[in-house]
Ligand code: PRT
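As a starting point, one isolated chain is supplied in structure tokens, in the form predicted alone.
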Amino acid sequence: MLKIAIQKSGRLSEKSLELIAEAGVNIANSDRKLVAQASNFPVELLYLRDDDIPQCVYDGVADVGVVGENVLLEAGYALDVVERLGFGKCRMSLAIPKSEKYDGVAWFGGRKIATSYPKILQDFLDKHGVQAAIHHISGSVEISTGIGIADAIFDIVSSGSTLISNGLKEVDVALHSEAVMVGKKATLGQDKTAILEKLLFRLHAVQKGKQNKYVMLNAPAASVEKITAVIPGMKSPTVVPLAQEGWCSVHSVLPEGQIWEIIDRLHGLGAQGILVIPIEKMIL
């Protein structure tokens, strides 16, 4: 049985459960009790506070855990990043009052910075040779400059709207973070390693599916060679003659981030009836 620690609540909790479900692992625990076992896969979930997950994995209470990379780095435990999960993306940024003129990291020298992540902030300041006073607080970091606790803040930023509403501007990014699965691979043992590899195989299929789209289009037969050069597919596109003479149907898989750029090129080559379809899972 592989024990996986995930957040009991918070910004990564629902996405973690969604990814596990998409991998075909059925967890029946609507009450979010401390422990829940899968009905069809040798996995057990532990619902914990995010700050507790790194230590629980390090101490062997859980075999692996899903946690924000920022939480992992702040905790400082020597754990392996088993998999980057692609959700819960954010950045760790320094912000100062809008009225202040910012001329680089040296601005923070001798000033007081409020944060819930003193270790990550100290590492950033040390890297840039800046000495500043770090004021460690829990929660509501963004109000610190407004009430005179600090000259600047260091915190998680997603959209930046919270900074704006508190009269702050983002001036430097110290870290880009996302959800990661962490563990101590060397101590897992053969049986649990096999379960983990099987789970990762499923997760990779789900993630690949989200990163790609299935594309179908109709094209003049005379343009097929040029079109297939634009959409090479996983190995090669599927080309099927249509009932209408001189026309073919072309099917391929394309990376989502390039879809519109490629569609513009396909349209210019005479492609018609272009369909872009989500992929649930993609196994290479």
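The first residue of the shown sequence is 1; numbering continues from there. Nothing here was measured: the structure is a model prediction, and the numbers come from that model.
Omitted here: the form predicted together with phosphoribosyl ATP (PRT). The next part is about that form.
- At the 4.5 Å threshold, heavy atoms of G24 stay clear of phosphoribosyl ATP (PRT) in the predicted bound form, well away from it.
- With a 4.5 Å cutoff on heavy atoms, G183 does not count as touching phosphoribosyl ATP (PRT) in the predicted bound form; it lies far away.
- At the 4.5 Å threshold, heavy atoms of Q190 stay clear of phosphoribosyl ATP (PRT) in the predicted bound form, well away from it.
- Contact annotation: Q211 falls outside 4.5 Å of phosphoribosyl ATP (PRT) in the predicted bound form, judged by heavy atom distances.
- The partner is absent here; in the predicted bound form, the one residue of C90, V105, I195, I137 having a heavy atom within 4.5 Å of phosphoribosyl ATP (PRT) is C90.
- Though phosphoribosyl ATP (PRT) is absent from this view, in the predicted bound form it lies within 4.5 Å of a heavy atom of just one residue from G160, G129, G110, G76, which is G160.
- Residues within 4.5 angstroms of phosphoribosyl ATP (PRT) in the predicted bound form, judged by any non-hydrogen atom, belong to 67-75 and to none of the other stretches in 196-204, 67-75, 93-101, 121-129.
- The single residue of 98-135 lying near phosphoribosyl ATP (PRT) in the predicted bound form is Y117, the criterion being any heavy atom within 4.5 Å.
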